[in-house]
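Okay, so here's just one chain, in structure tokens, the form predicted alone.
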Amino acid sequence: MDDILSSILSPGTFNQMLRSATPVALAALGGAMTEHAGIMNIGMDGMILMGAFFGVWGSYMFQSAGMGILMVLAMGVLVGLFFALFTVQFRSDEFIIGTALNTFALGLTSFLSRSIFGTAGTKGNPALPTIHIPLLDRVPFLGAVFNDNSLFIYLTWLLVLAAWVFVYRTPYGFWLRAAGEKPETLRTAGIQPEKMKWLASILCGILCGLAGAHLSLGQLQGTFAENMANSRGYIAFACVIFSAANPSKAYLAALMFGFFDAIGLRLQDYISSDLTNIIPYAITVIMMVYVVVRGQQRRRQGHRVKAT
């Protein structure tokens, strides 16, 4: 038992927590944008998968991780426009479009991966650099947790802050939230809610693409395999709902997922991996149950207040 606890509470567990949480957190930031704009986006899993593939493909073709990131950014804009075209312009059902996007992304990336890299996928392509901070070497425990991580782990912290400021402290963030909550009021102020929904979709496509790029070029060091998103988009969607689309709270929810994912990896030395792999997903289900129960309690309290 002491060995298990020491393994779980080791610096490696918390380092793995950051690695596992980062792609989920980046996608959750994108999902927060569309959620505030009144769009339920369950297509984030497909966006992550395409980001992972196009990041590796660009890195492979140009032998540069930077070019891979540029391809991801371009792909994110295109996918965001595609999603907005159907959900905003054509007013299609968001659930159907999101499901179709996930299915399309899986088929497209699998076909392109087999055509370009073969059935085994690819690995060892130019990857994102890891950051080493010499001063952290002198700090016990924290040095092992925060040092030698992918660039995107540190960049995510800045993006969380930027997203929070954008949503809650800028006019565009106010208009974005109004587009989802009071679109007609926003329209009377001379601002088209549809434009804010387009903006939210594009931002979501970019952030989910970066989540995939971190997964393939950062966490897995230039590796792509079919369906490597592994339902992280759905986990990110759960984080958005759990946090009420607050960027900082969504990051904390992603950290919780990352922590239990890291624990599952540690416990594989003692328990079957078939059992430990379900731990983070079970936690996600518990998160969603909590949201539903909490929402019902608030509605009951509201009815009681009105009754009195």
Partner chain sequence: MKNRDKGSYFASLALSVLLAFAIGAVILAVAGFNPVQAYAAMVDGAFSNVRHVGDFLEYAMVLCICGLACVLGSRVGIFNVGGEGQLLLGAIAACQVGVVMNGQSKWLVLPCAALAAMAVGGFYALIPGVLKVKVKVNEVITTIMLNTIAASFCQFLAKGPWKNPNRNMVAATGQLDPQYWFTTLIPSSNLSTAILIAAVMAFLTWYIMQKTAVGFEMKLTGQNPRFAFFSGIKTDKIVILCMLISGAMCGLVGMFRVYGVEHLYRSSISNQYYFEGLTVAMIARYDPVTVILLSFFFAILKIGAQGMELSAGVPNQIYLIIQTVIIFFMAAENGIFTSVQAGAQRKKARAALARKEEQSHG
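Numbering follows the first chain given and starts at 1. Source: prediction; values computed, not measured.
There is another form of the same protein, the form predicted in complex with the partner chain; it is not shown, and what comes next is about it.
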query: Contact test in the model of the complex: Leu108 vs the partner chain, heavy atoms, 4.5 Å; finding: yes
query: Leu142: touches the partner chain in the model of the complex, heavy atom cutoff 4.5 angstroms; finding: no
query: Partner proximity in the model of the complex: Ser64 to the partner chain, non-hydrogen atom cutoff 4.5 Å; finding: no
query: Phe152: touches the partner chain in the model of the complex, heavy atom cutoff 4.5 angstroms; finding: no
query: Interface stretch in the model of the complex with the partner chain - options 160 to 168, 110 to 118, 205 to 213, 133 to 141, non-hydrogen atom within 4.5 Å; finding: 110 to 118
query: Heavy atom distance at most 4.5 Å to the partner chain in the model of the complex, all of Thr103, Ser272 and Thr284; finding: yes
query: Members of 81 to 102 lying within 4.5 angstroms of the partner chain, judged by heavy atom, in the model of the complex; finding: Phe82, Phe86, Gln89, Phe90, Ser92, Phe95, Ile96, Ile97, Thr99, Ala100, Leu101
